[in-house]
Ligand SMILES: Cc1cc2nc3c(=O)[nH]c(=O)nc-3n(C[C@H](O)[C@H](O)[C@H](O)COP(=O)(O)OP(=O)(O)OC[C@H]3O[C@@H](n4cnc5c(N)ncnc54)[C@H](O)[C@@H]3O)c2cc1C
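Take a look at this single chain in structure tokens; it is the form predicted alone.
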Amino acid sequence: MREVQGQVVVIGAGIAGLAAAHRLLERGARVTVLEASDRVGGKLLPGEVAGARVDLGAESMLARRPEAVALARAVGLADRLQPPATATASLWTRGTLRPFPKGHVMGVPGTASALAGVLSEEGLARIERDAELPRTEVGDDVAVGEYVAERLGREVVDRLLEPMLGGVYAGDAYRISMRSAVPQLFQVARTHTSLTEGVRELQAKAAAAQQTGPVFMGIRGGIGTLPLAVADSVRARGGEILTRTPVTELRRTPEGGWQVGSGEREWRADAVVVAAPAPVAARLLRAETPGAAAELDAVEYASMALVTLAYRRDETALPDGSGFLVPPVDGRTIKASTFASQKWGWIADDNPDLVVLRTSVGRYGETEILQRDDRELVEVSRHDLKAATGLDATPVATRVTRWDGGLPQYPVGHHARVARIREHIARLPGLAVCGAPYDGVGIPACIASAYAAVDQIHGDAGGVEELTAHPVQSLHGGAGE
């Protein structure tokens, strides 16, 4: 492991910035982390409702890629890692809760029978036509919804792909890049004429690999405790973390280093890692690399809100499972619900008299719903929950958490935009970027992006192209996880 010499400033104390700081300290650097808000963790936020500890942001992490689970273990959380208590989920569509289909890859089936009960007879018959259709050229990139609709019909996209993939990004499957968001399907599209044949091949490879263990992992006390533990480890290793310290200036020095300014305070650094949202990164980089700033300015974001509700257990009866996803084509307000007390054993154990669940609202382009006040968001959530599950009790406590501009969008061509950003950044020694705008919005992807940034600032910039080659998980933490 090569050492990183000198002082490094990390801008942003979300999980990517904290992971970068942790890795830098392991490699011998002196590190200062500057965070504009009053806390660390970004979209990972612990909280409480009715005295129950809950996550108010992302609530699980992908366990089938190693970065997040490994970091949790490295910062002393190994004995608190817990898989979901149930992996059974539902799809609320056509007026009823239906078992979530199996035998698919991100909503794309290997056979029509995998979606029986969710799709109409016409929709199932349309899937069968895939084997007879001529090859669909995808070029350098294509919208995942557009491609899947052409191969299998719109009903697959609208009833399954949209609630799964759209939930991850709070976006629109007909805009989302297949190459960036579902790279395994993009490779299938480039190498196979039949999409269903390619999906069956992916499934066979996964079976041959004999992957064991849970797909997702949680942490007792909430995923929001992960950045707190990483921050404690950073401080214990000699790193400095300053909150309420918005960076206002980033400049190259005549000596080839960097000058970082925040109000009247100033830091001199040998290297800088920018782990901030795209609009902030664009503002900071504009003076030194206007090309990268222009590309970052073009990154769009979607907003959403999480509604957390606590009920008395003796007044609450929910269907089995971890929750449900909602296809937008059904016209409901909520897009997902997680039965947190059923999904996470530690919530049920710690709060035997309560049932905690949450809903998520808001997708890309939906502005009206998020303009409603908290009381209205609670009421529309209760309305949809009653329609889906029959739950008609009055919650003992509720909490609305708004994530304005919380999720970067990955439209067609996103990979090319990221490549151009990195090309501009590479011209400035000692500078790197990381986080959700680049290589995936999931926790492991953000951590991997941070590690790649650390490698870049001391010359080991390999592996960047592979950072998106894994699935991601959603901020809302719905049943599709």
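Bear in mind the structure is a predicted one, so any value in this text is a computation, not a measurement. Heads up: residue numbers just count along the shown sequence, starting at 1.
From this point on, the text means the form predicted in complex with the named molecule, which you will not see here.
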*Answer yes if any heavy atom of E35 is within 4.5 Å of a heavy atom of the named molecule in the predicted complex; otherwise answer no.*
yes
_If we define contact as a non-hydrogen atom of the residue within 4.5 angstroms of the partner, is D439 a contact of the named molecule in the predicted complex?_
no
*Do L44 and the named molecule share at least one heavy atom pair within 4.5 Å in the predicted complex?*
yes
*Can any non-hydrogen atom of T398 be found within 4.5 angstroms of the named molecule in the predicted complex?*
no
*Tell me the stretch among 22-30, 451-459, 418-426, 35-43 that has any heavy atom within 4.5 angstroms of the named molecule in the predicted complex.*
35-43
_Exactly one residue in L325, L306, L296, L165 has a non-hydrogen atom within 4.5 Å of the named molecule in the predicted complex; which is it?_
L306
*Of the residues L357, L407, I347, I219, which one places a heavy atom within 4.5 Å of the named molecule in the predicted complex?*
L407
*Could you list which residues of 286-300 come within 4.5 Å of the named molecule in the predicted complex, counting heavy atoms only?*
none
